[in-house]
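Below you will find one chain, with nothing else, as structure tokens; this is the form predicted on its own, and questions on how it binds or moves follow later.
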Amino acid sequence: MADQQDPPATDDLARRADVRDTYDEIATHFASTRAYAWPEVESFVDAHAASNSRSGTRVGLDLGCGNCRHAELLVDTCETVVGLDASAGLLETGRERARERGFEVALCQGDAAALPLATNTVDIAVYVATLHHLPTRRARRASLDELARVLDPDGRALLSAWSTAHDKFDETDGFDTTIEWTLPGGEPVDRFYHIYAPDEFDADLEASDLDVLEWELSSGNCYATVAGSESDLSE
């Protein structure tokens, strides 16, 4: 795997800042191309709502929320929805979407590897198309443990990452790469990706504090439905 030897922690932070700055640069154009929720996320949210009849305050989290297209799905299920992203520019697009479409979301700029949320407070989380933008294995694994920490014992999360199973790639081992985003004026902007091998994705989940409930490959993405390590899996 391309990044088994992670850089020093200070370099890790600098690389994550570069990813944040990239998305600040392309935020408005990027968000304009992301109007609709993924069907996999819609199915997960619907299934979770149908299976969870607990009363009381419920908190939803869209981790790596971007323009809040998935946070919007959580509004009917949750009393409080938090949208967290590293990019201030993307958060502004989420704020605009919420204003235009009339839904409430608490927006927070933060780090997926060090979530500014209390332990055991999130009932349902969506963490899609974000894990693969964390530029070191250290950060990716920390983010999985952080997701486990904030999930309520009965909470569930859906996470995804691009994989080598996508027909865009010939490699079979996980690797780091950059993929261009072209702005309207023609300027190319490189975006960091870690492309997971499916067995690597599975290994990182198994090494984390999450409990894996379901796992699948779909449209070149690895998907997993997970619970926190303190969950009751007897259901």
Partner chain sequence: MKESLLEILCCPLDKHELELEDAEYETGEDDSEEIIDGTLVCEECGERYPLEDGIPNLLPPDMREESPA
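Numbering follows the first chain given and starts at 1. These numbers were taken from a predicted model, which means no experiment stands behind them.
Unshown form predicted in complex with the partner chain; subsequent notes refer to it.
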For the chain shown here without its partner, which stretch in 108 to 116, 153 to 161, 124 to 132, 68 to 76 has non-hydrogen atoms within 4.5 angstroms of the partner chain in the predicted complex?
108 to 116
Looking at 148, 139, 98, 91, which is the one with a non-hydrogen atom within 4.5 Å of the partner chain in the predicted complex?
91
Candidate spot 17, 80 and 104, all three touching the partner chain in the predicted complex (heavy atom, 4.5 Å):
yes
Contact between residue 144 and the partner chain in the predicted complex at 4.5 Å, heavy atoms?
no
Would you please decide whether residue 13 lies within 4.5 angstroms of the partner chain in the predicted complex, comparing each non-hydrogen atom pair?
yes
Consider residue 25 of the chain shown here, and say whether it contacts the partner chain in the predicted complex, taking contact as heavy atoms within 4.5 Å.
no
Please check if residue 86 has a heavy atom lying within 4.5 Å of any heavy atom of the partner chain in the predicted complex.
yes
